[in-house]
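Read the single chain below, which is given as structure tokens and is the form predicted on its own.
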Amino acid sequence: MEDKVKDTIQTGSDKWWKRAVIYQIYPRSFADSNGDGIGDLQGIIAKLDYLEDLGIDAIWLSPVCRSPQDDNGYDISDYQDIDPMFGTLDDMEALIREAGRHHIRIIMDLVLNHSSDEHRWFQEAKKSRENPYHDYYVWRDGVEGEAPNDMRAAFGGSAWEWVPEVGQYYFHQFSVKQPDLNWENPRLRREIYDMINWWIDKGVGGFRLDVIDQIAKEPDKKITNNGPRLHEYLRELSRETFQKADLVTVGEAWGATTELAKLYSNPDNSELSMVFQFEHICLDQIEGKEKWDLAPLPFMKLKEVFARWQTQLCGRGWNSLFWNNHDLPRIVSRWGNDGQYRVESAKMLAILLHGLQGTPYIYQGEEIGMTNVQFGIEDYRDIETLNLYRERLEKGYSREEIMRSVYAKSRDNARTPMQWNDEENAGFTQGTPWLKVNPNYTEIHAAAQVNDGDSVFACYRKLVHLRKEYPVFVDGDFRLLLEDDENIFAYTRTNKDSRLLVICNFYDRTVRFSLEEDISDMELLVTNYRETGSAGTLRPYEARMLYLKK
């Protein structure tokens, strides 16, 4: 692996991760090796051949550290151990080693905004105000039953929890079992840096940092993200850890703007490689409301958002490119067509995204066109979904209205087990899966696609390899075409040697188009229909990626 890494650094734009494609694994839903119904590290090791075939460069591993699993691992009780449901620390070291033999790096998911309330730090912190760990968390004086202010937690209820042992409230932006860490404490920061360097020494290839824009919170001022000391903390974090190795780092930053992203992903490497920003992801909800309040996708706004991030970060930062993750519904069910045109629309969305400048992320199952699911509420496991259902019932919403939102936006849409084959439980487990398998696994599964040159998987594999073959994917300037077209998303990427053209019909109707430039000499790199289409017409969800060497 070392030779490949060295070659990539020397021949790439300037960082290996600019030519990379990263694959996200949600471990409990990926592959179960021991029949307990929960995916594990040995299960991932068993699927490395599949991932190498796809061509990906790194695996972003959702949290596998020891955790009570109140929020599926995003409540860490020991940052330097592996949760037994996934295996052991030896298994983790084996995964890092075996992935390296497949030319794949492992990216750890770290939760640095909060810990579990079962972490030894918090167990000490709540013993007394004089305990040295007390200041590792955010506390405020008050009277039981009268919270310091009216801030709400993201998962529902007050953001404050009373602890009678110390006569204070602690602050939690998420579950009550996820107390926020106090980054103002330099001793806490040093413990975090030592832990990260411990993982770097074990050979990890990078880190994804959960809700990292919230570490500089100021709850007295009701500031949760983008606090005044945020970038000071990030520069110190990078200097003390990330800059010591050849890593990729990506921060989850729901409040990021293009201007903030230039700070996060400054080419001087002072903070992070890139951030996950969610401006495009938040478009299909009623403005000013929650994600559950559904609205039609404003397609013209989608084009504007993508174009703005592409142009404003060019040369001054770096984009992450994604449609899906463990918190989002399946994109083919969201903005594609998971019925008649599932294959075509899944490929179209892939072609559209992978031609852009940035590092693409593929979420497990996306590469085979997995879809959303519709369970009864008793079969959902996601804490956010269950809280939403309860709270909206109490507010008088009808069950039908609530379930429409759940079917569209529940995080469990992304968390149903990976569909490997058409055998029992989709080949995910020989036991009872922790979350039900999507019933359509008999038609949609990896085994049917890996050797099918016309499959969704084949399209993704082609796109992954094109990014490594053509420098224009990394350094080409972006230009939006057909800006006023209400059906077509088209753009070019141009560098000194070549031009890439991507043109996509976003809907289920045939449309005509006309471009100013002559494209007759361009090579068709990838498309999503078997038969060649006509020059000025796009069929439902048709996508074409063309290339011209100057």
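All values reported here derive from a predicted model rather than from experimental measurement. Numbers follow the displayed sequence, beginning with 1.
Omitted from view is the form predicted together with a small molecule, to which the following refers.
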(request) Mind telling me which stretch in 331 to 339, 389 to 397, 207 to 215, 262 to 270 gets its heavy atoms within 4.5 Å of the small molecule in the model of the complex? (result) 207 to 215
(request) Tell me, out of F174, Y460, W318, W309, which residue has a non-hydrogen atom within 4.5 angstroms of the small molecule in the model of the complex. (result) F174
(message) Within 4.5 Å, heavy atoms only, which of E344, D284, D327, D83 is in contact with the small molecule in the model of the complex?
(response) D327
(request) Report yes if any heavy atom of Y407 sits within 4.5 Å of a heavy atom of the small molecule in the model of the complex; otherwise report no. (result) no
(request) Considering only heavy atoms, tell me if W254 and the small molecule come within 4.5 Å of each other in the model of the complex. (result) yes
(request) With heavy atoms only and a cut-off of 4.5 Å, decide whether Q449 touches the small molecule in the model of the complex. (result) no
(message) Can you tell me whether R105 touches the small molecule? I mean in the model of the complex, with a 4.5 angstroms heavy atom cut-off.
(response) no
(message) K18, F473 and D497 - do all three of these have some heavy atom no more than 4.5 Å from the small molecule in the model of the complex?
(response) no
